[in-house]
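Shown below, as structure tokens, is a lone chain in the form predicted on its own; questions about how it binds or moves come after it.
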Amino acid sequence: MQGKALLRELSQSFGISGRERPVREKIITAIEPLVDEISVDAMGNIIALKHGEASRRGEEPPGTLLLTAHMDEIGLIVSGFRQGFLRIRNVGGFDRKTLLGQEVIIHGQRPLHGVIGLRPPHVSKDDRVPEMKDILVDVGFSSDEEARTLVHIGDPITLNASFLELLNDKVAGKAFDDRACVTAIIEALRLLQGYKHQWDVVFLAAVQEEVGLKGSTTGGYTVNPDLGIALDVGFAQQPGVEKQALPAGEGPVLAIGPQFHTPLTDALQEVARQWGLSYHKEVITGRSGTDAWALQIIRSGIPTALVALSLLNMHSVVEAIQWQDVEATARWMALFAASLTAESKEALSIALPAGIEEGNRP
């Protein structure tokens, strides 16, 4: 399974932060033919290694490139009961107004369908969005006692959303943040089957990004790569969202700022120039809110870059992207991995050359 079919499969899989097992299993199935080693750490991260030519010859690889994207999605969790309805809390950054009137799946003793109801406009006193404590899920239970036979406090809930193919190669669905980028990395690994690359390439499919960048912190520490590229989503231009947003369908976005390793971002741009790849640049001078923020300060520091897909309707069940941006990102990552040589590690470093001390700079 590849391409849009893979994104459809991952988008419709269950895997809110801390409960990623179902989507993790789908990702492992997809990457098994593409990598040489797969492990799952104590946090639930997938760490998949594709050997470079040096490793295949039994030699020390000249370097390790880490490509990471998070597999978890935002969701809900059962927090209590009220007259047969389920009280809920959010897992990750849901906008409450997107929840009203939605169909959900409660992952209890068995999967149960429910709906998030709302008071009819005829009896509402105002148009304000209810607080999370006042938003309830209706499964059809007649009492709290009946509800407790199939649902427990702490059971996860996902919104039930279809994967839609729209016009002009646009697709929409849930959890494109960040499974569109997971798909892009898997497609990059697929492209690498036809390339000779010297460096080892590691794919970290991280957990719990939506609740604090947890998986990339532990997974990045384990891998300890020479270079790291985090892939995530950014804001696409759409009506009402023009400021600091970039158009979808015109290539991925490269973040530029003090926390992104300048030699690495320069090298990515050089590969794009050589191969005629289109991309945008976005200046980010503070917290990016992505796994790149955690990755760069693991151990003694990892030279890190951030590449993003322009996403419409972020943190909703109708997130949308232009499919060509996924394909372009996959190609860029594969070509960059193939461009790395024995000299790249030193060329992409900002450390002083060996033998030169800080006080003796020319």
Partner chain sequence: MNNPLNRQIALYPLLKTLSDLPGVSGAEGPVRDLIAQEVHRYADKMWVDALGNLIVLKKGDSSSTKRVAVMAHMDEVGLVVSGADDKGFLKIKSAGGIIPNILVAQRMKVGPDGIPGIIGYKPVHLQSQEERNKSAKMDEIFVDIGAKTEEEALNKAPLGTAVSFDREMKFAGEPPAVVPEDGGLPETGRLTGKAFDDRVGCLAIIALLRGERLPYDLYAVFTVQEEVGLRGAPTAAWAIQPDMALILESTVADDLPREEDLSPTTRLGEGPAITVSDRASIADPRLLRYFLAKAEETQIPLQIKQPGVGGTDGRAVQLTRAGVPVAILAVPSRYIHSPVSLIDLRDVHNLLRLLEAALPDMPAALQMKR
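Residue numbers count along the first chain shown, from 1. If you're wondering where the values come from, they're calculated on a predicted model, not measured in any experiment.
This protein has a second form, the form predicted in complex with its partner chain, left out of what is shown; the following refers to that one.
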Among 272-280, 223-231, 193-201, 241-249, which stretch sits within 4.5 Å of its partner chain in the predicted bound form, heavy atoms only? 241-249
For this chain shown on its own, do Arg8, Asp41 and Ala175 all sit within 4.5 Å of its partner chain in the predicted bound form, going by heavy atoms? no
Consider the chain as shown here, without its partner, and state which of Leu118, Ile256, Ile153, Val211 has a heavy atom within 4.5 Å of its partner chain in the predicted bound form. Leu118
Distance check, Phe94 to its partner chain in the predicted bound form, heavy atom within 4.5 Å: yes
Any chance His315 has a heavy atom within 4.5 Å of its partner chain in the predicted bound form? yes
So in the predicted bound form, does any heavy atom of Thr262 sit within 4.5 Å of its partner chain? no
Would Ile31 sit within 4.5 Å of its partner chain in the predicted bound form, counting heavy atoms only? no
Can you tell me which bits of 154-179 touch its partner chain in the predicted bound form, meaning any heavy atom within 4.5 Å? Asn160, Ala161, Ser162, Leu164, Glu165, Leu166, Leu167, Asn168, Lys170, Ala172
